[in-house]
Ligand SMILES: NC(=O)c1ccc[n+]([C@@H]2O[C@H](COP(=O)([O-])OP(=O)(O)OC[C@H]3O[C@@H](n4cnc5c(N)ncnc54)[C@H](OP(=O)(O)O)[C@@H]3O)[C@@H](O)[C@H]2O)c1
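In the block that follows, a single chain appears as structure tokens, in the form predicted on its own.
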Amino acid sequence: MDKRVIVITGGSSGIGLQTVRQLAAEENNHIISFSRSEEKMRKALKEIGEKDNINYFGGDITKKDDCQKFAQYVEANYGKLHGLVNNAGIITNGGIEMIDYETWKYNLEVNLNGVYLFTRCVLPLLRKAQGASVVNVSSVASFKPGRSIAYSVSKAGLDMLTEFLAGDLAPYKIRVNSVNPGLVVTPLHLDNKIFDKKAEYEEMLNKSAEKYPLRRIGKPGDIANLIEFLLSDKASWITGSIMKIDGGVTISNDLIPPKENN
């Protein structure tokens, strides 16, 4: 049986790295981790170890040349792509008075335009698979504004891109879905300087857990499990779905009757 070839952007840390790890546990999968950070790729390689079914490819989803070089690499070595996880993303804290126009543009460039560009470059490879699956990693910030105006808007745009592509690519038997996590413990907030100190970040996590009906923050594995499902044949009739995976935080409100043992 031919291996399923799956690429994960931003696959060297956080949700992306955990998804690489879980998918690579299946011998029939060949995983390509696409990342612009050589340092993170080295750390990922050290953490996971060398495996025959994982490749690391350096590149930036916002650069057309990088995306095209990747497509050429896959074409030459594998001929097709069975799965694409658009996970790479950034976040910049603040509203319209804090985030200047250049920062705004860069957030949309990575979180939205980069997804469009990378997907478009590998589309011929996805078509060849005759049943490929695309999973976009969005956020519950697309439903309810979060800490960042740019992040929230870019993720809302990503959800619409998901829905449009689901209809646009359905004739090619390509499924497109979005997973929308709540707060998950990853390097995202520290890497993007939302918090200067790890202690401040951990304090935020502890306080935030109280707002979640399930009383805990998400783990990368929670999200990777859903991504893994959507990439599989078990999800063969699911496309165009925007799936919240958030511990119930988006439905939490004071009107829901409290429980005595809560």
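One-based numbering along the sequence shown. Everything quoted here is computed from the prediction, not taken from an experiment.
Heads up, the form predicted in complex with the ligand isn't pictured, but that's what we're talking about next.
A.B. asks: Determine whether any heavy atom of Lys40 comes within 4.5 Å of a heavy atom of the ligand in the predicted bound form, and answer yes or no.
C.D. replies: Answer yes; at least one heavy atom of Lys40 falls within 4.5 Å of the ligand in the predicted bound form.
A.B. asks: Is Ile15 near the ligand? Define near as a heavy atom within 4.5 Å, in the predicted bound form.
C.D. replies: Flag for Ile15 set to yes.
A.B. asks: Does Lys51 reach the ligand in the predicted bound form if we count a contact as any heavy atom within 4.5 Å?
C.D. replies: Taking the distances in the predicted bound form, the answer for Lys51 is no, it never comes within 4.5 Å of the ligand.
A.B. asks: Should Leu183 be counted as a contact of the ligand in the predicted bound form, where contact means heavy atoms within 4.5 Å?
C.D. replies: So Leu183 counts as contacting the ligand.
A.B. asks: In the predicted bound form, which of the listed residues (Asn225, Thr62, Gln68, Ser208) lies with a heavy atom within 4.5 Å of the ligand?
C.D. replies: Only one listed residue qualifies here, and that residue is Thr62.
A.B. asks: Looking at heavy atoms inside 4.5 Å, which stretch does the ligand contact in the predicted bound form, given the options 95-103, 68-76, 130-138, 166-174?
C.D. replies: It is 130-138 that comes within 4.5 Å of the partner.
A.B. asks: Could you list which residues of 83-103 come within 4.5 Å of the ligand in the predicted bound form, counting heavy atoms only?
C.D. replies: Contacts from 83-103: Asn87, Ala88, Gly89, Ile90.
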